[in-house]
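Heads up, the chain below is alone and in the form predicted on its own; it's given as structure tokens.
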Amino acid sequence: MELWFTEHHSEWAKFSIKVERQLYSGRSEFQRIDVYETSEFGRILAIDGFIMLTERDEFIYHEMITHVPMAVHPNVRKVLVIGAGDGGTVRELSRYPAIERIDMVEIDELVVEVCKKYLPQTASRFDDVRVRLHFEDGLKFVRRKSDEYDLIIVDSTDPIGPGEGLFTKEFYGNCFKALKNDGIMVNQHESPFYEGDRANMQRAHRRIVESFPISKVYQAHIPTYPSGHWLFGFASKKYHPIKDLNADAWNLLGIKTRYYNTKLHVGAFALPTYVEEYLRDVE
């Protein structure tokens, strides 16, 4: 008997991966958490039936949400990460010795514990002395902050369930307040392809544009995310993601990556025409 994990990408489209065995299944007070072993994608983390990451392609997402802003801002010392219970974003940030503190706010402690046990490739740097874990609501946490962070990375789930509050105008306004006067916020921006994902993407973009003077969108190809075409938002008080990219300085750091590079950085902001039109419709 074959076991397949299937995720609904739209009412008429599904994405399936053959599963060798289920390693974990549990429910926190917030959501259902599952870990599967597969031959094609390695271990898979799913929350409420949606793929959060796979061992095979998680590097794409985590490199692009982290290294893009780090290659632009010249002096990141203090970072706030909201969500990111799998640890991949913290892992990438920990590669920068100049960062002094990483506050990670995750509402569901069980996600972190499950990832430490079953996804050690991703959850490998929670023990970094610069990392401070806060198990609470990210919306409430950031509401209390002002002029504190150089970079905020919103590595949230989709805008349903526990992640819903992280896509509101209030939340983005509070992120703006929590950033220093040259701060950057980066967020996962959903996919532009399927109608439901596109509506979420447009709603988030409209609210970010209302909050930040510089608001751009960039893309990456992530095979196991809906349609494989994924977007990220780059919002900034001062720095432009291309004009202020310091490619030479970033390359001198010698950080080894598998997806991100500074040439790709520039190209990632060159969006397909249909995506530009969707964004323009809400700006």
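Nothing here was measured: the structure is a model prediction, and the numbers come from that model. Numbers follow the displayed sequence, beginning with 1.
Below: the form predicted in complex with a small molecule, not depicted.
Asker: Please pick, from Met52, Met64, Val217, Met70, the one residue with any non-hydrogen atom lying within 4.5 angstroms of the small molecule in the predicted bound form.
Answerer: Of the listed residues, the single hit is Met52.
Asker: Just to confirm, with a 4.5 Å cut-off on non-hydrogen atoms, which of Glu92, Asp150, Asp103, Asp155 contacts the small molecule in the predicted bound form?
Answerer: If I apply the 4.5 Å criterion carefully, the residue I get is Asp155.
Asker: Where does the small molecule sit in the predicted bound form: which of 254 to 262, 238 to 246, 222 to 230, 28 to 36, heavy atoms within 4.5 Å?
Answerer: Flagged stretch: 222 to 230.
Asker: Evaluate Gln188 for contact with the small molecule in the predicted bound form, applying a 4.5 angstroms cut-off between non-hydrogen atoms, and reply yes or no.
Answerer: Because a heavy atom of Gln188 falls inside 4.5 Å of the small molecule in the predicted bound form, the answer is yes.
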